[in-house]
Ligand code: BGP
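Shown below, as structure tokens, is a lone chain in the form predicted alone; questions about how it binds or moves come after it.
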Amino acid sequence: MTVKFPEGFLWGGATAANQLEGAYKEGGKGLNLADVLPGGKENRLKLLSSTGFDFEIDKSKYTYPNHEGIDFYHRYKEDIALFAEMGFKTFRLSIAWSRIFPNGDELEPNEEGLAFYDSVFDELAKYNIEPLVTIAHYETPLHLIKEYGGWRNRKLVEFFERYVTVLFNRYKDKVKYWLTFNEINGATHMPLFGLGFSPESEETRLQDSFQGLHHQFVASAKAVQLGHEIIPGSEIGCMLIYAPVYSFDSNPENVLYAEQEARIFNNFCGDVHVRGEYPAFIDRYFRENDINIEMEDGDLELIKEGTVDFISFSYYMSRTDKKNKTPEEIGQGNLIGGVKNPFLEASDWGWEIDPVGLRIALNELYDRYQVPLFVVENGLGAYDKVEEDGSINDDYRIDFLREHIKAMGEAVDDGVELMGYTSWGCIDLVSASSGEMSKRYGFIYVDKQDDGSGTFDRSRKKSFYWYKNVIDTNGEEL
């Protein structure tokens, strides 16, 4: 049976400013977190998971692929034309906070940065591509990290409010769909990415992370209220990383453990964003982990009044877990680990491939919240080979996406209200987790290599033409 996607379904692709723009010192831009993260899987993962990172650039020791990205800053017209050729209805991008406020705490924005995004939005409008804009996507201005300690500091709520007010006023006639914080629930695993601080110790990580999350909940609620006030008809969503948690077996102890892990990781942030309150289950978790959240008068009321219009989320893999596991059993994943699932294959980077898990995720989220959903990240990071004739036959990527889109269709048939789908890294870009170019996701190949060499030339992969047909047929031909 062919499942029909809704009329007006928003097909497209997703990116982040820090992974593709480059031009890290041009246009008045200040440094941000991504600018000090080195390239290379070993280097980046070690720093992301360690304590006491110094946030300095050391070019004698590391390379920094985010400094150049794929040069979208200068080539956005060429890239958007390619997105239009595929038939994109929407394009998810982020705004680099430090392009608008170079240090993050200025009173007045940087006009050159604002003008750049004006040009990008105008180019998208030329092709009737709807922008879907992430306000904060792992791009905390470096000054806010060094001077204030990142989102642990309540002052960042004030700076973020100023930032979003500028964005909403400037782009109110150009952008309808907004997301507040990218993969907000991943912050407790890697606070460096989402919260802009490196834990001083493992003992302080949870306390500082949940305090930072509270500040982001307040900031997000303020953004929702401001957005609705400044841009009537705007739709503002949260953005989660979602991974269904399977019990390793039917042992009740493991089933309970998996359920509790899913609550904390998958449900906590969603409950605050959508239901507008801290869920009851978090009280015990806070108590058992000595977490005490400092709140100001009015915070809970603000969170209640600033709930999001929809949930967007990334889905790359599911997670299988059990209560007592050995280090040897732990697998790899997108910020999250677990044990190996014997029923699933894995990607070149060890991420297990589970299309059915996407259907499960969509049903779990819709059953819990009954708000529209939007899959804004999903894709396969893989090594691509350029043939002698220049072609790239990425059937493995087509197979991956086909099965996940089928799973979305099944979820729609299950009754899930689904707004759209933006495949991650629709054009090759720098991997966030590993700082590599060789971990490619795109329909469009970019000639840039891990060692920094390459022409930056763009070319269409086989998947480019396949996805064009998917969009042309609204998902009926896969």
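Quick caveat: nothing in here was measured; it's all calculated off a predicted structure. Numbering starts at 1 and runs along the sequence shown.
Heads up, the form predicted together with the ligand isn't pictured, but that's what we're talking about next.
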| item | value |
| --- | --- |
| Per-stretch contact check against the ligand in the predicted complex, the hit in 150-158, 80-88, 170-178, 136-144 (non-hydrogen atom, 4.5 angstroms) | 136-144 |
| The ligand contact in the predicted complex: Y441, any heavy atom under 4.5 Å | yes |
| F217: touches the ligand in the predicted complex, heavy atom cutoff 4.5 angstroms | no |
| Heavy atom of D354 within 4.5 Å of the ligand in the predicted complex | no |
| Any non-hydrogen atom of N182 within 4.5 angstroms of the ligand in the predicted complex | yes |
| In the predicted complex, the one of M419, A411, A432, L37 near the ligand [non-hydrogen atom within 4.5 angstroms] | A432 |
| Heavy atom within 4.5 Å of the ligand in the predicted complex - qualifying residues of 401-428 | W424 |
